[in-house]
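Here we start with a single chain on its own, the form predicted alone, put down as structure tokens.
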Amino acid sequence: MHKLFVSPEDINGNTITVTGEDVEHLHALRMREGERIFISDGEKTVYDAALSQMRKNSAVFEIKSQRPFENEPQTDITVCIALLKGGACEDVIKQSVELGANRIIIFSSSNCIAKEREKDGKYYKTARQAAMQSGRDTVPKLLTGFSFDEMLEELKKAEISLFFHEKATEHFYDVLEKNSLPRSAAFAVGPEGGFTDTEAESAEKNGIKVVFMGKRILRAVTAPLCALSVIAALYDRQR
């Protein structure tokens, strides 16, 4: 069944009103009155709702039942992605949402080739579409424009915080295995040129575990997805 995201303000008693681009999506699906769809309020509840009225610029749904979020990982996962060139950031955002990231932070570091541009809207749209397609109960938070130091401050707030660097001596899986089910986990992966030794030292001084991913060097678009897949699989199965 398809899924949409609305604001709590769009819910009035037993009905939900959908507007904006989502109406175009519903027209493309050729939905008819009585057909059902899941609608999330983005906070804590998912509704099973039936289309009761379709207009050109809005659609009204009747709530049939509701449930609390159940498709979100137990561990709150933050993915910190260095700015990447081309459309690589959007690719990583899309797949991070599919794999269960709760927050995605995009930051600048010494070896970043790309420069920050006004892409917040485009990044959020990418995340929202990925959440709809993958059946997430909420759209992950997307934070952009962070400096390296600002990213470290966010990173060390997590119960488990990892910083990937090719010269590290501890494998990240060994760190994860020591924690059965943390409330939160966060990690940072560098840009195309990787992190500098100075940046790794800064992470370590902030109490963040500097780790490596394996014997092979992964591309900047592959590394965060590899790490997230392992973290999500390890902690999602412990229910």
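Please read all numbers here as calculations on a predicted model, not as lab measurements. Residue numbers run from 1 along the displayed sequence.
This protein has a second form, the form predicted together with a small molecule, left out of what is shown; the following refers to that one.
> Does the 4.5 Å heavy atom contact test between E201 and the small molecule in the predicted bound form come out positive?
So E201 does not count as contacting the small molecule.
> Check V189 for me: does it contact the small molecule in the predicted bound form (non-hydrogen atoms, 4.5 angstroms)?
The answer is yes: V189 has a heavy atom within 4.5 Å of the small molecule.
> Do F195 and the small molecule come within 4.5 Å of each other in the predicted bound form, heavy atoms counted?
F195: yes, in contact with the small molecule in the predicted bound form.
> Heavy atom to heavy atom, is I16 within 4.5 Å of the small molecule in the predicted bound form?
I16 lies outside the contact set for the small molecule.
> Among I208, L26, I37, V211, which has at least one heavy atom within 4.5 Å of the small molecule in the predicted bound form?
By the 4.5 Å criterion, the partner-contacting residue is V211.
> Of the residues E166, E150, E72, E159, which one places a heavy atom within 4.5 Å of the small molecule in the predicted bound form?
Looking at the other structure, the residue within range turns out to be E166.
> Work out which of the listed stretches, 211-219, 227-235, 18-26, 5-13, brings a heavy atom within 4.5 angstroms of the small molecule in the predicted bound form.
That would be 211-219.
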